[in-house]
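Consider the single chain below, provided in structure tokens and representing the form predicted alone.
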Amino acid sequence: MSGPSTREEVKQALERLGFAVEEARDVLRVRLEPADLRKAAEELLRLGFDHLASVGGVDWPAEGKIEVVYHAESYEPGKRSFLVELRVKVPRDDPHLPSLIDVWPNALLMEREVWEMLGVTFEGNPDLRRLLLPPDWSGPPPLRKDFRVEEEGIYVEYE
């Protein structure tokens, strides 16, 4: 792969594209608008971040947002010591993001899990179907903070 090989060089490359980059321990964090997600992902791939380590999400009901968090990683020696984190907030009542499986094919299952657990639709993902929940699940996404678990009583009969 070509491109910058150190953490500082990667940070500078992202900043040249207009992204504000924060540093937190071994992570370069970039907060994005949904429209910038694909541009950032494609740039990271060009910089040598050849796979995703994770895709997850955080429900922020007070803000009316769901934040999707991507961690990109590289197998290149100079870049193995840190991750690049992309954070994107979408409206909680209609959460949509572009799928990144054409950038990082291993996003396929991770997007599917975020769709299932938080209700974020990844446009372009060809396989958004239940992964962990029963196929006939019709309730709200279970990782949203307003999801309520139905309690089942434990009844013991005494003689």
Partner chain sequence: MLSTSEVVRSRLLAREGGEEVYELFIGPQHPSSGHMRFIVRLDGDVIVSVDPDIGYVHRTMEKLAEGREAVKAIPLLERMTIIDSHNVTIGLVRAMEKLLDVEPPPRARYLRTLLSEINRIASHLYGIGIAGIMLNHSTMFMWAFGDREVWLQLAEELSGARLTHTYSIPGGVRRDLPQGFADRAEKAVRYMTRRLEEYAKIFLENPQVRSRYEGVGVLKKGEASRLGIVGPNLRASGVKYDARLAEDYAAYSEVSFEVPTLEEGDAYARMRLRIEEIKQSMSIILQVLRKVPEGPIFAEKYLKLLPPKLREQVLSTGRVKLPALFASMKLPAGEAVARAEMGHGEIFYHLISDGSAKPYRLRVVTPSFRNVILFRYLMPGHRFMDFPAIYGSLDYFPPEADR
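Heads up, when I say rigid core I mean the largest set of C-alphas that superpose within 1.5 Å between the two forms. For clarity, every value in this text was computed on a predicted model and none was experimentally measured. Positions refer to the first chain, counted from 1.
The same protein also exists as the form predicted in complex with the partner chain; that form is not shown, yet it is the one meant from here on.
None of the heavy atoms of E43 is located within 4.5 Å of the partner chain in the model of the complex. The closest non-hydrogen atom of E151 lies within 4.5 Å of the partner chain in the model of the complex. In the model of the complex, at least one heavy atom of P61 sits within 4.5 Å of a heavy atom of the partner chain. In the model of the complex, no heavy atom of L32 sits within 4.5 Å of the partner chain.
Applying a 4.5 Å heavy atom cutoff to the partner chain in the model of the complex picks out L45, D50, H51, L52, A53, S54, V55, G56 from 34-56, in order along the sequence. Shown in the overlay between the shown form and the other one, fitted on the rigid core, is a CA shift at R148 of 2 Å or greater.
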